[in-house]
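Below you'll find only one chain, the form predicted alone, shown as structure tokens.
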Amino acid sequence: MVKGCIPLMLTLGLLHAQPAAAEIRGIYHPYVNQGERELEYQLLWRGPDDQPDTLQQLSFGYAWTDRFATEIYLLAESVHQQGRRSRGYEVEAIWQLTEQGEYWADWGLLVELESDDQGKERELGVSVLMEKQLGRRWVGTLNAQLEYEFGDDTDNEFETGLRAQLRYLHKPTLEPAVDLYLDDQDYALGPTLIGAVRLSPGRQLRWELGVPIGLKSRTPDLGLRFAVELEF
């Protein structure tokens, strides 16, 4: 999903958001468009079938310059048929480090800060974002993450993660892709459909629909990720 957001303004001393049981929340791209605002809703459903997890998030982002943007998330994680389990917030900041097409690949930096509702479990993550066009029709994107978990109810430790996407540029309204997620909780691979609909000059609606498939026993066999974003 096109993410246009990030700062070191993360000293916002956050907040309340239990780290989700499933971190699969889309692929980040290293681009920022100055003055662009984003309003996004995302839903992630993960098995197992007897007690699936559901993560919902609503976010608002703003690009302050042509290199720097921020985004704030309201998160709610629930368990099927048992109501809401946790809620909270997350702050992200993104820097576009290079001009598009300036080097062999385009580069960006993402910072994420997340906390549970009592401030007892927190996560601080830094990701290097890379994107490269492969020929006329293919685009490869890579997110390499280093994350630090800390708090009263968790072991203080570093973790790593990797997200990758291979996207086919069919047409703006429909681009098929394959997403890969590797971290301490998830090994998942699956197809994704991406599209954008132009509503008016400077305004468009973007959507994504993905099906992450678990590659190891700790990862749910099947999931569903849906996102819709208004850019204006």
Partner chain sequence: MRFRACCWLLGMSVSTTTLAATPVFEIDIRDHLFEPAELVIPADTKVKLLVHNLDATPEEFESYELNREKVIMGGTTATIYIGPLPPGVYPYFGEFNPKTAQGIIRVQQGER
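Residue numbers count along the first chain shown, from 1. Bear in mind that the values here come from a model prediction, so they are computed numbers and not experimental data.
Below: the form predicted in complex with the partner chain, not depicted.
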Exercise. Of the listed stretches (122 to 130, 101 to 109, 154 to 162, 141 to 149), which one has a non-hydrogen atom within 4.5 Å of the partner chain in the predicted complex?
Worked result: 101 to 109
For this session: Report whether the minimum heavy atom distance between L180 and the partner chain in the predicted complex is within 4.5 Å.
Result: no
Problem set entry | Contact of T54 with the partner chain in the predicted complex (heavy atom, 4.5 Å) | no
Problem set entry | Contact label in the predicted complex: P191 to the partner chain, heavy atom within 4.5 Å | no
Exercise. Contact between Q185 and the partner chain in the predicted complex at 4.5 Å, heavy atoms?
Worked result: no
For this session: Taking only heavy atoms into account, state which residues of 168 to 185 are within 4.5 Å of the partner chain in the predicted complex, ordered by sequence.
Result: L169, H170, K171, P172, E175
